[in-house]
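Shown below, as structure tokens, is a lone chain in the form predicted on its own; questions about how it binds or moves come after it.
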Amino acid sequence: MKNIATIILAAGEGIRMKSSLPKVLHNICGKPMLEYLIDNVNSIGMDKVFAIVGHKAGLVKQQIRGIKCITQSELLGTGDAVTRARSALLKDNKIDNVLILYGDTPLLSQETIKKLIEKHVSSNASATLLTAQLKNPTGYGRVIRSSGNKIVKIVEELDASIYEKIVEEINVGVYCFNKRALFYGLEKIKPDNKKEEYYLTDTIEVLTKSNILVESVSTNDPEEFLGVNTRAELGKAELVMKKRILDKIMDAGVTVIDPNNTYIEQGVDIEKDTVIYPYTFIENNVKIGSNCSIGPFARLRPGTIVGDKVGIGNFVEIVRSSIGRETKIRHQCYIGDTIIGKNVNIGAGTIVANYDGKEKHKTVIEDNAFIGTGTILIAPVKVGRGAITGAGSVVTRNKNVPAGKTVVGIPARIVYKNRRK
């Protein structure tokens, strides 16, 4: 697929989102919707990716560094947006075909993209589009065919006649074009529609009128072409993606006791035979080993690494920390910016005070330590191997607990046993 470039249309303002954030940067399961499309095309071997940006282009460029961004300074429609990439595509002689995606369709699968491209290449078509059948096609452009079932044109709903509106085959908004045919069509379209914009879809009629072959591929999964234009649609996409993530995790050998009440974001890696209990919230960039017990009511935030056979219980929050093998953190704890070794017991109500109001500081708890109930560790601090903190101790910053020693009190001090004279 090295001879295929991808254009992702991401210039729209998304007025119906009622947001100061560009629509394509809204998160779905912890990841901006635009990144789902980028990751999908990269995963199938397409490394020439262009994003057409417009509204708050600077924010979009910051989020998707490494992708070539082309600015559409004035939002004149999808046809004009694609035209912005003309010079970049035409000067690259290695590019034969162009895949075009909309940045607000994050649920589109790799399998469907590959199916579309394969049909386009095998049929030697000038354009291939993704279509679907809907009993209620309201809101979508209609695919108009001839009596011989050949595609004639795409009509946007706003411009469709009464007879065209009853057509149930819709344009999903995913295309693969021959590069030369694409720009031939774009040169001939006009903004003679109710929006007075240049529609990319109008290129289909230009090609068919010139007897140039246009093909199609259909999808039966309505979730794939759910466009995210409102907060309600964002919520629907979140539910679909959440289910996909949980299904993938369970297929890999993880037990999720109650999927309806468990939230796991993209970018989470969980090894087999781990059990996730209800009302657990696991954010992106978290790794969990095998045979662990997580939750209920636990929250694991980005940068958390959990070793094998670890127990994390109810109302425990962990962020930017690593937890060693067979360690137990069972009840009502906050662990931040901490390295915890193997076989450590963290008592109920333990707090790592990692923030001093200006900076975050590190805490280290070495193997086999025992942290008593209600201990407060004020970072930076280190608890040595096999050391013990008594219940309610406050270990102050830089007052490290030596290996094998026991500390108690506020502030915590080492307990020395009385020696016989």
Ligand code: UD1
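In this text the structure is predicted, and so the values were computed from the model without any measurement. When you see a residue number, it is the position in the sequence shown, counting from 1.
What follows is about the form predicted in complex with the named molecule, which we do not show.
Exactly one listed residue, out of G227, G349, P222, P296, brings a non-hydrogen atom to within 4.5 Å of the named molecule in the model of the complex: G227. For the options N171, Q266, T262, T338, the residue carrying a heavy atom within 4.5 angstroms of the named molecule in the model of the complex is N171.
Residues V41, T83 and R180 are none of them found to lie within 4.5 Å of the named molecule in the model of the complex, as judged by heavy atom distances. From the list 236-244, 86-94, 288-296, 102-110, the contact stretch for the named molecule in the model of the complex under a 4.5 Å heavy atom rule is 102-110.
Under a 4.5 angstroms non-hydrogen atom cutoff, the named molecule in the model of the complex has G77 among its neighbouring residues. Using a 4.5 Å cutoff between non-hydrogen atoms, Y334 does not count as a contact of the named molecule in the model of the complex.
In the model of the complex, no heavy atom of T274 sits within 4.5 Å of the named molecule. Contact annotation for A412: none of its heavy atoms lies within 4.5 Å of the named molecule in the model of the complex. Taking a 4.5 Å heavy atom cutoff to the named molecule in the model of the complex, none of the residues in 382-414 make contact.
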